[in-house]
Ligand code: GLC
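Here you get one chain, nothing else, as structure tokens; it is the form predicted on its own.
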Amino acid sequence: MEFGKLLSWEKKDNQVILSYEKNQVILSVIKDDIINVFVPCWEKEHYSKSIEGDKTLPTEWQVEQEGDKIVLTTSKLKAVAGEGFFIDFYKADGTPLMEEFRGERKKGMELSQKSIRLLEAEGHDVSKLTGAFYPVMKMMKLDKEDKFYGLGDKSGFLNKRSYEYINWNSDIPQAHNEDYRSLYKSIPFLICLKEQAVYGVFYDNTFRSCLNLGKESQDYFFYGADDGNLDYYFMGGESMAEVIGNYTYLTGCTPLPQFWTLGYQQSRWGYECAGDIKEVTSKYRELGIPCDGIHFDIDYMEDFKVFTWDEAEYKEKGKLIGELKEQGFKPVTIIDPGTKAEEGYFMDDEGREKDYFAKDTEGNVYVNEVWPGESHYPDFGRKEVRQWWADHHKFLTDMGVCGVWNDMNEPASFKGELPLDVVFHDEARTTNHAEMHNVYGHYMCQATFDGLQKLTGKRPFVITRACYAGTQKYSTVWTGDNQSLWSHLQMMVPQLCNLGMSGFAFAGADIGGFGAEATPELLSRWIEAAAFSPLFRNHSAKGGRRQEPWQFGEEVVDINRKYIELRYQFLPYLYDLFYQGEKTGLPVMRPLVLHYEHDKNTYNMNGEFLVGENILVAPVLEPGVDKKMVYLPEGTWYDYWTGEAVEGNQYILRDAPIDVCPIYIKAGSIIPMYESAQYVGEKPYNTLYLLTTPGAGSYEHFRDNGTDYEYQDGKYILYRFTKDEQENLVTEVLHEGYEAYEQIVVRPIGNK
């Protein structure tokens, strides 16, 4: 990108417009700690798919010229733009935040033409070695102590420093390792934790893009995109939590889900008839293992045609669903975007008649292949197409389906990736697959959410594999086709923590692994590690070992029952975290660094996590291990199982036999709990239990009907519990709009 000399500048409304010889730059003050940088090198409009409405707040700010620099200052940030459009960001007190790199880019690895030919012949991606050029690009200075977090569910470890990632939603069934640059989601939001400060940056460009975070050079990191505008939001904040709050202010917070969706859910690609489903649900009830959700994969449809039901294998429409709901199960059905190309099939006929499918450059409906065979792809970027898709969910809701699972929406295709020039739309504007690929799943989820909300009046339960920044407003996510591998269990913790810091508070990974085959030990350790993950689902693939707990023997059944019951006891705490997160943007599952960002021991902590601020979970993530090296940050922590007090700022070695996951409760905690149940709704929650640890503390607990939007009209009850050093507990009702508990019982641990 070339700019040349700064010719002029003007202040207009909330903007500073900088006119260079070869480009224009617009700096927009969104609020005192968010500044948008926009270079209209492609189109003059933003066309954001993530940010809905005008987020600009009235803000006092100044701009002035200092020599050859333009300096924009708010009460919290300072942006300095210079010749050639270098731009640096500082805190208002002058502390450096994100400074542009002024040096030369390091050239990629020098390769002879012979080497390139040999590498390409063997299938290697030479662009990884030679340093790709991006027409839209910014290079930023990299300091020695900089750490990077966010970016959604990219593979690898918590701290993304020294890695490169590509934002291009990709269906990759192979076992993911730390070197995978792309997975199913594109969330180009980055948090940089510096030695003395923190900032965030959201690159709002849906084209294929790259973030190289020091892999190419330890002197700089860079963002590059294949096309589109340079359009990014720089976010300040006094903490990582404030930065996340700013990001979710822009793109939206995860909404409060239905209460039952926090329960345990069972799935498998391979329940091929009603008998398979009933066998599984009956066994859960027989063994007394709590379970709420039962998922239907693609087999329930007629020839994999969306919005159909195979009555030959799954009983007449609505009967099986009704039987399951009588047992307390909430059925969730999968839906793929690929619509079978078949004359006489109502979805294909309607889509063709109304011109709702993507086309090739010759104007023909584009055809690729997925599960139904030759298929067409709805043009979800158009409002009328989303409405059409939303309305068809009536077929499912009329049967009593409780949630919809969107899959294959990268979009996936069996006969090669969709060409970049396939014609799509962004509302009325004609565009192509290159721009819309990364938001295809995003728009599909919006359609699903809108349909379920309109048809049921309840908070929609939507699950998606592919998405973009902002999809958290419409859908929960899972990390895609993981494998029954210890390395994938280990990767679950940083993946879910980074998803949470990227706005996706409701996220999970398939317990036990989707592909390959779990062992009894792996499934046991996985259920322990996942017991506090927001989305709590066991899922496995056809052709591999079935993964319900009883497939592995009595010990595994007992361990699963123990940790699933534990999950149900902590449901009100998890629900409170979602209620709080709807306002703050903070996730349920959090890395230690989020609350202990000045503790160097937390910067690369991949093997443990926090649930809110009060619970620390340190699961065993390796085979054959019966001890866990646990790091406890500052303060006093209490072993959940024994009540033992342990001082923080140290590592301890905790015994962890196969049925024990180390869990610690922070001093001064007050944590709401329920009695375990076989499913949400089995019995009323008349009694609230308060798990407490020694020390003063305060906690607010929210309760409503757990289903719809009446809480937004004041139909909820909000308690505040306050405890002093002498363990005196005071209960207050801050808002009384819903039924109170019949009794509140204190369950202290750690008290002498």
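What you are looking at is a predicted structure, and each value in this text was computed from that prediction instead of being measured. Residue indices: 1-based, along the sequence shown.
Below, we refer to the form predicted together with the named molecule, which is not included among the displayed structures.
Contact with the named molecule in the predicted complex holds for all three of Ile298, Arg465 and Asp481, each having a heavy atom within 4.5 Å.
Checking 282-290, 404-412, 362-370, 668-676 against the named molecule in the predicted complex, the stretch whose residues place heavy atoms within 4.5 Å of it is 404-412. Of the residues given (Phe307, Tyr579, Trp269, Tyr90), Trp269 alone sits with a heavy atom within 4.5 Å of the named molecule in the predicted complex.
Of the candidates Cys497, Leu610, Ile334, Met491, Ile334 is the one whose heavy atoms come within 4.5 Å of the named molecule in the predicted complex; the others do not. Mapping the unseen interface onto this chain, His539 counts among the residues with a heavy atom inside 4.5 Å of the named molecule in the predicted complex. When the named molecule is considered in the predicted complex, Phe357 lies well away from it, no heavy atom lying within 4.5 Å. By the criterion of a heavy atom within 4.5 Å, Phe514 is counted among the residues contacting the named molecule in the predicted complex.
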